[in-house]
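The form predicted alone is given below as one chain in structure tokens.
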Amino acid sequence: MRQRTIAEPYKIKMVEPIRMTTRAERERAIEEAGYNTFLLRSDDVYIDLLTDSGTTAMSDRQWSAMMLGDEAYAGSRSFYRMEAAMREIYGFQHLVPTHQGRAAEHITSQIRIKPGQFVPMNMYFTTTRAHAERAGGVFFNCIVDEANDPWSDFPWKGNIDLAKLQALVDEHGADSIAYLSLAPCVNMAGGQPFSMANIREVSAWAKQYGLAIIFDATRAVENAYFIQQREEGYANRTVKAILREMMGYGEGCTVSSKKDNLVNIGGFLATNDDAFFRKAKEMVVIFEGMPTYGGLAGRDMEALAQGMVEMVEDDYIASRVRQVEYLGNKLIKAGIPIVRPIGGHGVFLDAKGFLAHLPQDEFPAQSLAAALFVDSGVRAMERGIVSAGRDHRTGEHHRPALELVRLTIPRRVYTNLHMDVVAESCQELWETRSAIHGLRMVYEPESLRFFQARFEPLVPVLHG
């Protein structure tokens, strides 16, 4: 029987015009932005794959829910609707809303980390690591080695290596660990999931030493989908049920709601730990707002609560990941090096393989992202040595094994024709890759430098 095409489980109700600029306009724009795609004006961008954070197209049900927002300073009914949705979907008892995910990371780090303690992560994420280090914590990478090989087809590259955790405890003791910060669908590894079997084992290990697991559950739904598709025993379970089981192995989570939760702003901290919850409520008042709004308007909380319901609809999440796979498979067919298996929220170009003639200190991923914008107006993001930052003790660059350009697919925003444009531009650059030159950094902020750093070409640019 011939396989039939499966369409998106929605129809388009509103459109936003976009404009293709000329190459000369894009050359001027990237030069003015210091060859940093974060510093481009969105009006100069044709297809924006910089991030899936806050770039979602909300549904008619979410827009309708916003009209019900209760803007009370304390005790907002919109908070209680968001709390009820979180309890149903994630399964935790306590909710602390925040204006976005990094605020939840900050509060968690300040409460749970004592200076000098280790914070094991299955590969770092930029803001999570920055908040941990600002609280005096020491990042410890406990991801499996397969995650560092972009060509490996290992299906669970987000898995935690228990041997690495055990070695840390054997050398420094369990008291040296603040908590385990574990991300479903590891962003910096290419959107790679962990298995339920792995997190079950890690949970049992952590309980043995009295250690808490706090999930960075920003993209946990994509991980739940991969478990449904790949792991034995889960094919007939809903994504919603799989997510609840996954969260059940932790004591809490932080979430940037601008991803899974299908909204343009928001985040939260959730936990079953009563003492942690009390301290978090104290801190949210200082940094964000009252515990029943935490930096969000009532209308934001209404849209967020509805987004939680929609994000675990099986048809939606299958369609979302299928679009990412559509782009990834086109690039694989063209022979372009990408991280495999294809991730949940984006396709990651292997810049080391793409621009093998550039050493890592010439920022190949940054160079490739800039070249992609000039070629087609597609904005992507560097995820390599620039994002990794510097060692605070030595001042040297962190040199990650992976040097990637992230083509991040916003949720419910673009069609597959847009993905065709992206694929054709990548193929054009692949065929002319020897003409792409490296960059030097001319401005560098002290922290999270990838957001604001500026560069200039190592070879003078001749505008066409």
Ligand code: F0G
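Not measured: the values here are computed from a predicted model. Quick note: we count residues from 1 along the sequence shown, nothing fancier.
The form predicted in complex with the ligand is left out here; the points below concern that form.
Using a 4.5 angstroms threshold between heavy atoms, Thr51 counts as touching the ligand in the predicted complex.
Looking at Gly101, you'd find a heavy atom of it within 4.5 angstroms of the ligand in the predicted complex. In the predicted complex, no heavy atom of Val378 sits within 4.5 Å of the ligand. Contact annotation for Ser387: none of its heavy atoms lies within 4.5 Å of the ligand in the predicted complex. The partner is not drawn, yet in the predicted complex one stretch among 234-242, 215-223, 109-117, 147-155 has residues with heavy atoms inside 4.5 Å of the ligand: 215-223. Note on contacts: among Gln306, Thr128, Thr271, Ser367, the single residue with a heavy atom within 4.5 Å of the ligand in the predicted complex is Thr128. Checking Ser78, Asn187, Ser181, Asn261 for any heavy atom within 4.5 Å of the ligand in the predicted complex turns up a single hit: Asn187. Looking at the ligand in the predicted complex, residues Glu105, Ser256 and Arg406 each place a heavy atom within 4.5 Å of it.
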